[in-house]
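Encoded as structure tokens, the following chain is the form predicted on its own, with no partner shown.
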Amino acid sequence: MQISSDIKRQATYENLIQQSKAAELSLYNLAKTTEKLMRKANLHHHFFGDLTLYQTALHLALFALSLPYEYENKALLNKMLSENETRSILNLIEIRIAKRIPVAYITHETKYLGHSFYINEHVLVPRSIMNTRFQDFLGMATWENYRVLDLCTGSGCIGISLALFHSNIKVDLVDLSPEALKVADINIHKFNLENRVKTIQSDLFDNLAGQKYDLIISNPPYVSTKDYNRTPEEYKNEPKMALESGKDGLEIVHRMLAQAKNYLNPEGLLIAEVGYASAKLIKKKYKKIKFTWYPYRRPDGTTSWLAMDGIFLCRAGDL
């Protein structure tokens, strides 16, 4: 059965299948060969894993075989593949190459702060490294009613992660997309947080009249139309509304800054990731707002190569 319409790629697949029939194909060799195919096809890594396409290939192989994601396990890497196993893996590899589908949409799972979240094509694939500062942000909050709002929540990974860090808070996950909220509901149930976390369909604050929060946090869309149009195809397979936000990329952020104060307690915090390009525009436009800016930080606590400001924090009184 043909796997790819690309003649050269199909020939490589057939060669791998023949090797597997002769019990001469290891998991490692299949991953290395398909990594080369991904490179030839100019795939973008889409910030998956350690950003190597080898890890993408190996991850899909391990997923296809229902094996643990142990990328350096020699016993797994040396496993000899059967023909059926090889075909199962190559079918996923071809989806990744031919359709430019991000890994998380193929496996319907992703890791975020060490937790496994359900993901599908209706939500952005979580990749924000704002999460390395979550515990700091929780420590900065002045807790009055212990309520948190996660705006533009998508899969719910930010709000749910905060709830897992702090057992006293209640979190509202807000998104305009009903399909996204179905994903967030799955994740709420996955972590047994129904008593503290709920979803609300709303265009930002529109359906939140009378609500007050100690902390509003968001990873909103902040990509300009121009930048969105030139992104790799992997990003165009994600929901456009979760990435693109008008000519300057800040349509959502402008609304958030204009309205957030009405939904914060007197000492409440607004925190948002906006990226370093948008940070420059915000600093220029909102000179009267007292922002505290943060660069991205690696999980080990060191400043990442994205050393420029990309996350802002401001208090209700400064909005």
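In this text, residue numbers run from 1 along the sequence as written. Model, not experiment: these values are computed from the prediction.
Omitted here: the form predicted in complex with a small molecule. The next part is about that form.
| Can you pick the one in Val148, Leu90, Val197, Cys157 that has a heavy atom within 4.5 Å of the small molecule in the model of the complex? | Only one option qualifies, and that one is Cys157.
| said: I need to confirm a contact call. Of Leu176, Leu76, Leu113, Ala141, which residue comes within 4.5 Å of the small molecule in the model of the complex, counting heavy atoms only? | reply: By the 4.5 Å heavy-atom cutoff, the listed residue in contact is Leu176.
| said: Can you tell me if Ile252 lies within 4.5 angstroms of the small molecule in the model of the complex, counting non-hydrogen atoms only? | reply: Contact check for Ile252: yes, within 4.5 Å of the small molecule in the model of the complex.
| query | Looking at the partner-bound form in the model of the complex, is Ser161 within 4.5 Å of the small molecule by any heavy atom? | reply | Close contact is absent here: in the model of the complex, Ser161 is far from the small molecule, nothing within 4.5 Å, heavy atoms only.
| task | With heavy atoms only and a cut-off of 4.5 Å, decide whether Ser128 touches the small molecule in the model of the complex. | result | Yes - in the model of the complex, heavy atoms of Ser128 and the small molecule come within 4.5 Å of each other.
| request: Report whether the minimum heavy atom distance between Ser202 and the small molecule in the model of the complex is within 4.5 Å. | output: Contact check for Ser202: yes, within 4.5 Å of the small molecule in the model of the complex.
| Stretch in contact in the model of the complex with the small molecule, which is absent here, among 68 to 76, 187 to 195, 98 to 106, 218 to 226 (heavy atoms within 4.5 Å) | It is the stretch 218 to 226.
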